[in-house]
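Starting off, we have a lone chain in the form predicted alone, written out as structure tokens.
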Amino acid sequence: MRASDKAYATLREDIIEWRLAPGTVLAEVEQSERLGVSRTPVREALSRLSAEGLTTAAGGRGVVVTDISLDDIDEMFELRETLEGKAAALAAERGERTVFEQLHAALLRAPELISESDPARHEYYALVGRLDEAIDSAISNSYLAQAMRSLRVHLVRVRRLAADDSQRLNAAALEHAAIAEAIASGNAKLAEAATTLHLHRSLSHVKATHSPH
């Protein structure tokens, strides 16, 4: 792995997981020492992160981690409903039934992965990631898939911000299971409706738990 790729991957993960909080100044010298690379790879990594909207230039302060406001969250979910609703409908029309049947079964068992244990929650998030990947693959539309991948970077930050509790995660698992089931049945309208319901409930939860920085 190139030094710039390593720096990018590490900084990106630290931002998404809130180890680098909004407003944190990312000085090249400090980050190069922390990551064990020279300043040039760090500069390249920060440029890529800025292109994704995870960092931004802040005048004389240099590059800082971007914040997420309630307005940002509303805008993200507006776009998410448009993109993911359409993707679920296309997946129902074009996807392999058996793939989504298996995901449906796994998501019904997901509450077993949801506890106060963080490693267990990561397994659940990985399962949700598999559903996302299956939908991306099924829709056979590289532009739509890329747009959703770009948006998901910010949605992961929002999910961490919302401090998901076990009750909400259990409900979300059943909502994801319903999406997978609708896709597996080939019912495009139901798949889109199940996605819209999940997003509505997710947005309500995020806004109820969000504390502005």
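Numbers for residues come from their place in the sequence shown, where the first is 1. Keep in mind it's a predicted model, so treat the numbers as computed, not measured.
What comes next is about the form predicted in complex with another copy of the chain, which is not displayed.
- Heavy atoms of Leu79 reach within 4.5 Å of another copy of the chain in the predicted bound form, making it an interface residue.
- In the predicted bound form, Asn170 stays away from another copy of the chain, with no heavy atom inside 4.5 Å.
- Contact annotation for Arg43: at least one heavy atom lies within 4.5 Å of another copy of the chain in the predicted bound form.
- Although the partner is absent from this view, Thr98 stays clear of another copy of the chain in the predicted bound form, with no non-hydrogen atom inside 4.5 angstroms.
- Shown here without its partner, the chain carries Glu75, Leu144 and His154, all of which come within 4.5 Å of another copy of the chain in the predicted bound form through at least one heavy atom.
- Scanning Arg121, Arg130, His104, Lys86 against another copy of the chain in the predicted bound form with a 4.5 Å heavy atom cut-off leaves one residue, Lys86.
- For the options Ser38, Ser47, Ser166, Ser185, the one in contact with another copy of the chain in the predicted bound form, meaning a heavy atom within 4.5 Å, is Ser47.
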